[in-house]
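First come two forms of one protein chain, each written alone as structure tokens, so that there is a structure 1 and a structure 2.
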Structure 1
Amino acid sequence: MEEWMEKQIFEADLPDKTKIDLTNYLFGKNVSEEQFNQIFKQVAREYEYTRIEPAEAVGVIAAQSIGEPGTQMTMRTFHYAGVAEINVTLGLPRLIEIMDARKTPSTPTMTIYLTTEYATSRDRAREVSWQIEAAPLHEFGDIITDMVEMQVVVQLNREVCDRRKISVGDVMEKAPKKIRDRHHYRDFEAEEEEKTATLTFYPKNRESYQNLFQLAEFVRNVIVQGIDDIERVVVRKEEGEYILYTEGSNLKDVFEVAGVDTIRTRTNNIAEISEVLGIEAGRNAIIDEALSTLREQGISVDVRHIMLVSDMMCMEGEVKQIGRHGIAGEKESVLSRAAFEVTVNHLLDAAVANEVDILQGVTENVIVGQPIQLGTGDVKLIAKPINQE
């Protein structure tokens, strides 16, 4: 291939991928000018064929292309998604969850990658996991509810604290503070004893057993290490590096943990991604999640349909659901909205607000019995005046 050919390909109005594929294919091959021109023309023509026609109903095609395979998906699949022992919602429920743009998925999970120094050793990976996995106080020692003295005594185990890389002082300082902040429970006093590593809690009301037991319950379960939302962390080795899989998700807090790779770490919570990383990352997350859900079920849907759905959901700067609280509910046309769900409410509100329907969409025109503005219905006769002074 000669230089001018490469230049012509580079400057052509073709997608990047086509250009690269074509250049790679022709690289090192001996093609004449005539052959090249023919190849180039054919490629350009093939590309032209793959493009969607103007006024094509892409939305309807996307809806059917996702809807039909969707009917073949298993209804309730709750299973272990191959990776570790972590339970993830899959199949139709997950797809619905994605399209509904739920604030939190029913099984939030994260894939946490580690920076090189932590990713190579299991022990170092475990260190990071201690900083992430929510650990309640009862894992750090023995808790005794003393009914004679009306107090809850925590005897911390120094070995456990050392192993989990947290100082006894930190645990003792954190526990009472967290009970007050997180559980909004303030009817107690706490006493720390650094030397013996004991932490004693007294309820304010020294007469009530109920209060004592309630306090004991809070003390047992207060999270003293890790991130509250992340219930479980599993360390796995994949392709030569250690990766953490979690049950529960909190992208923002995990990013602040030392050793976490903030470039690749991800979550299956789309709302969280769009909040922490922006709307464009949210768009990518919808595509990735929808595609992997479908693929896991052995269904192949063209990415372009999913890209269209995802684009629509992220059009306004935040992730919107498909249903009546999102895209379908915010359409311009009254008739179109009324045709979808809660018909009477829409018509009534429109009447009160004196709304006008300009009948430009598909649904409205079907309702009133006019040709729809799609395909050939969209073509209007335009006269170009010639020989006119």
Structure 2
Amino acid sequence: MEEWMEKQIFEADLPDKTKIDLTNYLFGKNVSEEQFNQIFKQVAREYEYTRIEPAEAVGVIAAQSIGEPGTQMTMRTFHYAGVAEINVTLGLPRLIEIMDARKTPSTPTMTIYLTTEYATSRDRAREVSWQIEAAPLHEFGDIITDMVEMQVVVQLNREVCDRRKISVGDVMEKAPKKIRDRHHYRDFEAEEEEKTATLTFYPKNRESYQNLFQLAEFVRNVIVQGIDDIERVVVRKEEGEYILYTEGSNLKDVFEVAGVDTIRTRTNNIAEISEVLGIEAGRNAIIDEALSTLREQGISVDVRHIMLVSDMMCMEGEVKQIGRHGIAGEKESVLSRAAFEVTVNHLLDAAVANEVDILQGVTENVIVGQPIQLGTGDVKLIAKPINQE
């Protein structure tokens, strides 16, 4: 590709990605000056077509472009990756969940990719899954509630501990600490005996059976290996590598596990992505999740409508919902807020605060019955020409 061609492309008023794509397309091809000019003009023309007209109501168009296909969507939960235990919310409920910026989705799930040395071996992938999947104490041995001695005795199985790559000492150390820290329950004492792999718990009040049974429940279910929020991990082989699918989500803790590929690993919890990786990652997650939800239903929506919505949701540095507790409830215009939800409250609050509505948006102008400030309504007539005969 000749230097003058490259120079002309990079000096043109085109998006950077278009310039790079065009350069890559023409690289190594024998293109004459006439052919280049034809291609370049066509690209420039297509770019002009993609741009919106000044004063175009982009918000309304984005709303109807997403809203209308939304009426075709189903409401269902999907059994993920062919495994009955892991469900994922799809369709309309998932789209509503994304737009509402819910703190936790109804079915949080993660897709965990592994680094090269772990992704090719099932055993090594299983080792990583043990570091992630929450394993309660009762999976590591037998738990007996001794009502005569008023104690809970845990007899650990060394073979299970060895297989799951965790030492008996670690289990004994973690169990009492986790009950105190995670469950905030401190009415007990614990004795460890590593030689016999026995862990004994005593309630502080030795007279109460209720305390004993409550302690036994905490002991049975205390998580001693893995991440508390991740209830189940399924290992599947796809396209020559092992991938972990989880029920539950905890991006921050999963990133700290050895063998996890942090670049490709993802969660469907947008708030968590925004918190751990920043608002730009949150914005991309909204676009990605909304597009994949629509595509899964066979619906095609131009990405720019969804990008506009996600930009609005994230423009203040945190993920805000579209509804009355987010963008719609924070509009400048009183009538626009009142037209959305809880009309009386908005009007009362505005009257008390002596607010003024300058009638600039679409909604408020429609309410008062005057032309909206878009299209022909955007043009103001300054002076009428004198009719000269």
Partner chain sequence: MVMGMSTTFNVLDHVMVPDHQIMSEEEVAVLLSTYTITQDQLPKMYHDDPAVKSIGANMGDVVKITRKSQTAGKAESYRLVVKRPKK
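The first residue in the sequence of structure 1 is number 1, and each one after it adds one. Rigid core (definition): largest C-alpha set, two forms, superposition within 1.5 Å. Quick caveat: nothing in here was measured; it's all calculated off a predicted structure.
S.K.: Given that just one of these two is the form predicted on its own, which number is it?
M.R.: Pick structure 2; the other is not the form predicted on its own.
S.K.: Taking the rigid core as the superposition reference, indicate whether the CA of residue 41 shifts 2 angstroms or more between structures 1 and 2.
M.R.: Yes, the C-alpha moves 2 Å or more.
S.K.: With both forms fit on the core, has residue 29 moved 2 Å or more by CA between structures 1 and 2?
M.R.: Result for residue 29: yes, a 2 Å-plus shift.
S.K.: Could you tell me whether the Cα atom of residue 372 shifts by at least 2 Å between structures 1 and 2 after core superposition?
M.R.: No; residue 372 is a residue whose C-alpha shifts by less than 2 Å between structures 1 and 2 when the cores are overlaid.
S.K.: After superposing on the rigid core, how many Å does the CA of residue 10 move between structures 1 and 2?
M.R.: Between its two positions, the C-alpha of residue 10 lies 3.5 Å apart after core fitting.
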